[in-house]
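Form predicted alone, single chain, as structure tokens, below.
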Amino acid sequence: MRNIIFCLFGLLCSILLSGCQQTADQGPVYKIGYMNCNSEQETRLRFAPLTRYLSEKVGVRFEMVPVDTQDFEDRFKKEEFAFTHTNSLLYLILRQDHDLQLVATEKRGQFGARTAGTIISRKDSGIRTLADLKGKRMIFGPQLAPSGYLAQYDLMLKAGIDPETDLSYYAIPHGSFKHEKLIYAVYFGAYDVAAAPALDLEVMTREGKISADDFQIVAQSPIFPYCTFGAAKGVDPDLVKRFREALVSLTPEDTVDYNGEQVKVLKSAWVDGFEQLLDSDYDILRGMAKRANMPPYQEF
């Protein structure tokens, strides 16, 4: 009789545990749209472990969706994903046009949850000030890159230099979203100056790809928020809260089982951590976008 009781108890536990597992495995799937950086493949490699970690930590199923920057707003409007991970300019656009909720901001490099744009020249070029840019050849990153286009465009406008008329030539060549290419384009003399994200300069110098002594920082923008997680306005507030808490509590030692290995989540994502900023912290970027006549404030 005693054995029968133990068996029934065990069966009851199995049923209960099975029921819990069934809820986690078969509940709704929340998709996270990740803005592609250098490539879709790189985006998947970086953020798949983080997505797995969020699923385990928050207790619901998340699925990553790599998204091309230019397609991001249209796909968000079609409700293809509930959460977003984008650069800070795309956050502004989605916030202004679609009431995106701010969740958390990524920390990376010397400025933490903020970043900056720089204009660089070769040290031996003689180009040392913004006034020296007149008549020069410049290479920019893509127009939706806040630290590779917008910040530099705004710097020049505030200095009384119109990039459309005062440069001899400027280009946004195919592949310019790989910001390293812009820095090398100046180093090898293809352009006189480049719009270089401060973070890329920092990382390339740390990795020994370039020497800081080879470049002149002609100008650097004020710092503004870096890449940002957001949530669609209809997402359950409690889920958004738990999603944010999972991000900001991440430490460099946190791991997740991914493809049979214990992977450090932050290291895999190239992220130092996450911070909860206020939407008003993005006002400095809003000012840049308005002055440069950029989305979401563009007027024709």
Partner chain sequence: MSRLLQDHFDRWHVLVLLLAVFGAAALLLTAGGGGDAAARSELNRQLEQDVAYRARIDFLQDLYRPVLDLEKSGARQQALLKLEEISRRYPGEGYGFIIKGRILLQLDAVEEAVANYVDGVRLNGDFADRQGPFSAWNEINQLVSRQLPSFSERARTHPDNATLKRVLSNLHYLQSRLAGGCE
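Numbering follows the first chain given and starts at 1. Keep in mind that what you see is a predicted model, and the values were worked out from it rather than measured.
Another form, the form predicted in complex with its partner chain, is not on view; read the next lines as being about it.
Every residue of the trio L201, R206 and V248 has some heavy atom no more than 4.5 Å from its partner chain in the predicted complex. Listed residues I161, A190, I223, I172 were compared with its partner chain in the predicted complex; I223 is the one with a heavy atom within 4.5 Å. Contact between R95 and its partner chain in the predicted complex is not found at the 4.5 Å heavy atom cutoff. Taking the partner from the other structure, its partner chain in the predicted complex has no heavy atom within 4.5 Å of any heavy atom of D124. In the predicted complex, its partner chain lies within 4.5 Å of some heavy atom of D213.
Within this chain, R75 is remote from the site of its partner chain in the predicted complex, having no heavy atom within 4.5 Å. Remark: of stretches 110-118, 181-189, 225-233, 81-89, the one touching its partner chain in the predicted complex is 110-118 (heavy atom within 4.5 Å).
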